[in-house]
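Just one chain is shown here, as structure tokens, and it is the form predicted alone.
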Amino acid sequence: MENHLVIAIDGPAASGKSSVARALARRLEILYVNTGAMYRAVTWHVVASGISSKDSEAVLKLLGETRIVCGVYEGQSNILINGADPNPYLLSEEVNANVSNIATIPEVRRQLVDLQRVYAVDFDNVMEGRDIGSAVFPETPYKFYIDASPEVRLMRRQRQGLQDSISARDRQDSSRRTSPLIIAEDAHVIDSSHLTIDGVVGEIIGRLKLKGLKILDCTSRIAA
């Protein structure tokens, strides 16, 4: 089955990719998919169940007994874990301290990637994460990698109320064996350090037009 349009937005923590992807999807009036929220939701469930995020065997056993439902709400992806909404807890310190461990478990990534790919069966979408262009949808020609200087990223992280180490997170994300954080060979890299969200979105739309996508000026929708 042929997939719908996928615009892949990758980048490290606090690069601004989530804000950019959300704004881009709103501008184009297509679905916004936050894959990071999916890993955080699983992490919340693991932590809330009293299981160590480093115990991959116990994590996988728990997931085998867990019902994960991914859907759409108000133009963006959402996720329910055994019928519960984890969204209020996704940026908690406990989740933030354990999500990288969960994301390094290959079977967790395989399960979540399968769920992520389902979105493209039914929807045009902007999907953001760390391996969208390199692993989830390597065939999409619309790949962007959003980055920023370590100093800017740390400042953004602190504004979110998070105190984790950017460099430590980068090492974990880049060195994991399954789908590490890399820049896809054909991705367009944008440094967001000194750009506004609208500035980054404008640059992406300019690149999309260069690649042949027609953007309707009156509605900002992508023309067929």
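In this text, residue numbers run from 1 along the sequence as written. These numbers were taken from a predicted model, which means no experiment stands behind them.
The same protein also exists as the form predicted in complex with a small molecule; that form is not shown, yet it is the one meant from here on.
Peer 1: 18, 35 and 100: each with a heavy atom within 4.5 Å of the small molecule in the model of the complex?
Peer 2: Heavy-atom distance to the small molecule in the model of the complex: all three under 4.5 Å.
Peer 1: Using a 4.5 Å heavy atom cut-off, which stretch among 173-181, 62-70, 23-31, 194-202 contacts the small molecule in the model of the complex?
Peer 2: Stretch 173-181 is the one.
Peer 1: Answer yes if any heavy atom of residue 208 is within 4.5 Å of a heavy atom of the small molecule in the model of the complex; otherwise answer no.
Peer 2: Output for residue 208 is no: heavy atoms all beyond 4.5 Å of the small molecule.
Peer 1: Does residue 39 reach the small molecule in the model of the complex, with heavy atoms at most 4.5 Å apart?
Peer 2: It does: once the small molecule is placed as it appears in the model of the complex, residue 39 has a heavy atom within 4.5 Å of it.
Peer 1: Any of the heavy atoms of residue 156 lying within 4.5 Å of the small molecule in the model of the complex?
Peer 2: Answer no; every heavy atom of residue 156 is more than 4.5 Å from the small molecule in the model of the complex.
Peer 1: Mark residue 143 yes when one of its heavy atoms lies within 4.5 Å of a heavy atom of the small molecule in the model of the complex, and no otherwise.
Peer 2: Residue-level check for residue 143: no, no contact with the small molecule.
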